[in-house]
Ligand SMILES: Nc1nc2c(c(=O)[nH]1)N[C@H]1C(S)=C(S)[C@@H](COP(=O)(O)OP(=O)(O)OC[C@H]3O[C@@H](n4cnc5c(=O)[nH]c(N)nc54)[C@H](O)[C@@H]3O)O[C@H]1N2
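Below, in C-alpha cells: the form predicted on its own, a single chain.
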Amino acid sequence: MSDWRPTACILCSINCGIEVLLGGDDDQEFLKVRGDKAHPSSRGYLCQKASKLNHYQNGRDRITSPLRRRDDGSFEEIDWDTAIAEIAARLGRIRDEHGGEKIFYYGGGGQANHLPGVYAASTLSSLGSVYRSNALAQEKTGEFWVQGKMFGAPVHPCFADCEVAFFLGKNPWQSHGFPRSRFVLNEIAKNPARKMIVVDPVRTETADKADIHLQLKPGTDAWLMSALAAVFVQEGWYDAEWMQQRSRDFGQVRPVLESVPVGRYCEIAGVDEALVRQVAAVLRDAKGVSFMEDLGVQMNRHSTLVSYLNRLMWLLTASFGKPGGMNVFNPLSALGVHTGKPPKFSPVNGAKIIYGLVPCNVIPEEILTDHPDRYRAMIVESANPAHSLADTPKWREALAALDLVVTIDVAMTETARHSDYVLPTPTQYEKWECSFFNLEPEENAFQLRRPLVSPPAGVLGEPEIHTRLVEALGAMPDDLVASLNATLEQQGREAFAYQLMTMVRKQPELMNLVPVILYRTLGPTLPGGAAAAAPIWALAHFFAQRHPASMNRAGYEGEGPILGEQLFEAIMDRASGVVFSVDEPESSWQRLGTKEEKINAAIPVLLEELEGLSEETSDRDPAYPLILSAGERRDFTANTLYRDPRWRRRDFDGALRISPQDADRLGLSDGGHARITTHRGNAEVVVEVSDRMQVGHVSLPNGQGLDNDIGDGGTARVGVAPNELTSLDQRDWLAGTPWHKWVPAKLDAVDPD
C-alpha cells in the first residue's frame, strides 16, 4: 500500500486539494480520499462527492486505442501514426477547400483539465480556425458580458469575510462556488451578527440555513431583482456621493428604477413585498455584502438582465472594492482558448460572440444549413456536447451532418459515439494537469497536479496529440525549435527566454505556437516527466511582469525575470499548491478596465429590456402547466466525469422532484412513475414527492442519462438525460444562454409495466 498522494478534486470549479491513498492491482485503485490540509485554499475541506473519484479513474467506458469509424458505423482500432496522419490530412483538406474558419472547436478544459486548451490554441492556429465554444457559453457568457461592460475586469465575492451573503439562483451547499463552502455557510449561519439571503424557487439546503429565503416563482428573478433595486432608489437608501465618485452614468439608471412598480413586481414574483423591503433594509445596513449568482438565473429567462440587476445591487450597496464585498482578482491565466482577436458574430446566424465563445444553442443551426459559411468539421476535446447541451436530438443530427468530427477524450462518450475519430487520453490523475479557476481576490492560489498513477498503454496526452498535429500540418517552426534547444542546453533558461521573446516580437504569428514550441524545447528538461507543464513557465513570467507587487506581498522577492523563475519553481516544488498573489480590496479600483477607475452603471440595451418588463407577464402555457428545472445539483449528482452510475448511494435513477400538492392533483406517489413531456421530447421518470418544491415547479438532476458500457458493445442508460427535453430556441436574446431552468412541461402518471 502506498502513501497518501496530494492532488485535487476535479468535480467542480473549486478544485479542493485532496490526498489519495492508492492500492489494489499495481496501486491503480483509489482506496481512500481525504482533504489536503496543506492546500492553501481548501485547507483540508472536502465534500462527500470526491470520495467516489475511483469511479472516474477506473471507469468502465475507458478507451485505450485510437478509433476510426467504419462505413457501417462501428469503430476499428488504429495506431497513433495513422490517426494523426489521417486527421491532419482531412482537416487540412477542409481548410484548403473551404477555409480554416469552417473548422469548429468545442471544449478546451472542463472543471480541472485546462492544459489541453492551452495546447489546442496551436492546432487551431495552424488550421486557421477561429470559431469555438465550451460549457461557459451555455452558462456564464451573459454574466461575462455584463461584467466586462461595467467593470472591465473579473470580480469575485469574499464570503469568508462578508457581513451579508446574498445567493441568487445559487445553492453553494451542493454547487460550491467558493472555497470551503459548507464550512463558510455554517459559520455565517451560526453568527448572529451575519446574515444570509437566498433567492431561489426551491427550498434548497442553503435556503434552510438562510435568515431570509425569497422563494419566488420560477423564471421571475428579473421582476424580483428589479423591485429590490427599485426600493433602494425610491427610498433614497444608496450613497449618492459614493455613486457620483465611483460610477458613471447612474443618472440613466435612476429614472428607470424610480418607475418600477415595486408592489406589482413582487406580486408577479410571488414574494411578499414586506419581505423584499426587509431584505433591502438588511443590505442597506450591512458593512460588506458578497453576492453570487449561478445557473438558477444564468440558465433562465432574462438571464443577462438579471446579471445586470445583480451588479447594480453591488453599486447600490457600495459593495465593490471593500472587505467582505466584491473585488477584482488576478488569475494566473485567462480561461479559454485564445488564438487572436475572435470574430464578433457567428457566421450564419449572426449570434453575438462573447469571450470568444459562440453560444452553444446556435451551433447546430450553424451546421444544419446550406449556407456557404457553415461549419464543416468539429474538434471536440474534454467535452460532451451530444449530452450536455440543449436539444440532444438536434445535436446528433448536427454531428452527423459534418464532414469530420474528432473527439479527444478519456471515455467513449455520447459525442465520441458520433465521431469519425476518437483519440484516447490519460485521465486527469495520470498526467501533469491544472485548473485556471484561480478566482480569489485576496489570496489567490494555483496547483500544478502531478500524476498519481501510470496511464494505460495506448493513450496519448493532449500536449503530445496537439504537437503531433501541428507537426503533421507542417506548421511547426523546426529551425527555431532546434535553435532554441541549442540555446537552452548551452546558455540556460535566461538566454532561451530572451531568444524566444525576440522571435515572437519579430514574428507575432508565432505566439499561438508557443505552447508546442515550449513542449518540444523546455518541456523535456523539466523534472519528473513534466513536459506538459512547460507553458506554465511562460505564464509565471507573464504574471510576474504584470503584478510584481501582488507577488511581493505573497512572499516572492525581487522583480523582473527573477520573480517569474521564483514562481515557476514554487509551482513545480509544492505539490499541494502555492499562493501566487496577495491583494487588498482597495486595489480593485486600480484594476478596473474602465475609464477613470469608475464603474459603468448604464447598459442601454439592458435598461430597455428592464423597462419592457412592465409589459410582460410570467403566465404559463396551459398545455404545459409545469415548469421544469433541467439539471438540479443534488447530494449524489455530479458532472459527467462520473459516467458509472454505481457511485450514487442514493437517488440512483435521478428522480423527478414534485410538490406534494402537484403530486396529489396528478395522482402520483413517492417512488411512482410518470411521463414528462416538453415541447422537445418526453421521458419516463421516477417520482420523488418533496416539500422543497413549490406548486407548479418540478426538477430533474444533472449528470444522468449517460449511455454506460455493459460489455460486448452494448450500453445501458440510467436516469433521464435532461437535454433530450430541452430545445435550442429557448434562450436568452443577447447571450444565447439556454433556459434550462425554465422548461414548460406537463406530467402524466404511467404504469411502470
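Note that residue numbering follows the sequence shown and begins at 1. The model shown is predicted, which means the values in this text are computed figures rather than measured ones.
There is another form of this protein, the form predicted together with the named molecule, and it is not shown here; the text below is about that form.
Residues within 4.5 angstroms of the named molecule in the predicted complex, judged by any non-hydrogen atom, belong to 625-633 and to none of the other stretches in 560-568, 238-246, 625-633, 514-522. Put simply, of S307, N361, S419, T204 only one has a heavy atom within 4.5 Å of the named molecule in the predicted complex, and it is T204. Checking Q138, T467, S581, S126 for any heavy atom within 4.5 Å of the named molecule in the predicted complex turns up a single hit: Q138. Under a 4.5 angstroms non-hydrogen atom cutoff, the named molecule in the predicted complex has P722 among its neighbouring residues. Interface membership of K49, defined by any non-hydrogen atom within 4.5 Å of the named molecule in the predicted complex, is confirmed.
The named molecule in the predicted complex comes within 4.5 Å of a heavy atom belonging to L216. Although the partner is absent here, N702 sits close enough that one of its heavy atoms falls within 4.5 Å of the named molecule in the predicted complex. Judged against the named molecule in the predicted complex with a 4.5 angstroms heavy atom cut-off, the residues N171, A411 and T427 are in contact without exception. Along 100-133, these residues reach a heavy atom to within 4.5 Å of the named molecule in the predicted complex: Q111, N113.
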